[in-house]
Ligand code: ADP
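Single chain ahead, written as structure tokens, the form predicted alone.
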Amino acid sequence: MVVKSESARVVLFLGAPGSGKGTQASWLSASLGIPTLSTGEILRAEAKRNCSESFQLRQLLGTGQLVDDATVCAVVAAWLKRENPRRGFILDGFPRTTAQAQYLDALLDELHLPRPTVLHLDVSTTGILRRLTGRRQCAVCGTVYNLVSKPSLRGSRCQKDGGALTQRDDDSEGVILHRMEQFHRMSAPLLAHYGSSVARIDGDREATALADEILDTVAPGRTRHLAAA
């Protein structure tokens, strides 16, 4: 019988679009030295391919619709089996439904990894709209800025390579509100699935304060050396 590693950590971020999951997952990854799986990034990369399936996926993502469970689960399983992260990993954007959560439970058992520590970033609607409508991304390197909290030093151009800063299709106010409605409708059964494993984090605070609380929740006593870099 294979015994699960007691030192491995699986961390799952839950939160509405714009709650800061990506930023916090990146900082926690640097602090713990374990990789992050962002299903959003993987699906957006897949949507850029020149085929009919990618065109359909592009339409879904552009309108804020959720990708079906089978597609997302296949993406996650392929990544985990390819990367084989024995020390653990961080999930950003998965699972979003109870069916996906059940699939993840079985997959973690198959890979002899522990059940996840679940972090729920709870952010107000006002805070979400302020963050996402101001988000801009470099068309060349993909660096993300925010017109309010993290503007580029070169205005409408990326300060790294001068690429044009663009707004993602799914960052318009109408799409954001639609995605938030979907999240709140689907999050209740998902939070119930994980029950006492969920740690609620007040996400309407400054990002570095959140990072400190998250690290203390996941790994008490650890110092955040790389998170603010």
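In this text, residue numbers run from 1 along the sequence as written. Treat the numbers as computed from the prediction; the structure is a model and nothing was measured.
Heads up, the form predicted together with ligand ADP isn't pictured, but that's what we're talking about next.
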* Structure fact -> In contact with ligand ADP in the predicted bound form (heavy atoms, 4.5 Å), from 23-31, 36-44, 157-165, 195-203, is stretch 36-44
* **Triple contact flag Phe94, Gln100 and Arg135 to ligand ADP in the predicted bound form, non-hydrogen atom at 4.5 angstroms** => yes
* To do: Using heavy atoms only and a 4.5 Å cut-off, determine which of Val72, Leu113, Leu121, Ile128 is in contact with ligand ADP in the predicted bound form.
  => Val72
* Asked: For Leu191, is any heavy atom within 4.5 Å of ligand ADP in the predicted bound form, or not?
  -> no
* To do: With heavy atoms only and a cut-off of 4.5 Å, decide whether Val67 touches ligand ADP in the predicted bound form.
  => yes
* To do: Quick one: name the residues from 149-182 with any non-hydrogen atom within 4.5 angstroms of ligand ADP in the predicted bound form.
  => Arg168, Asp170, Arg179
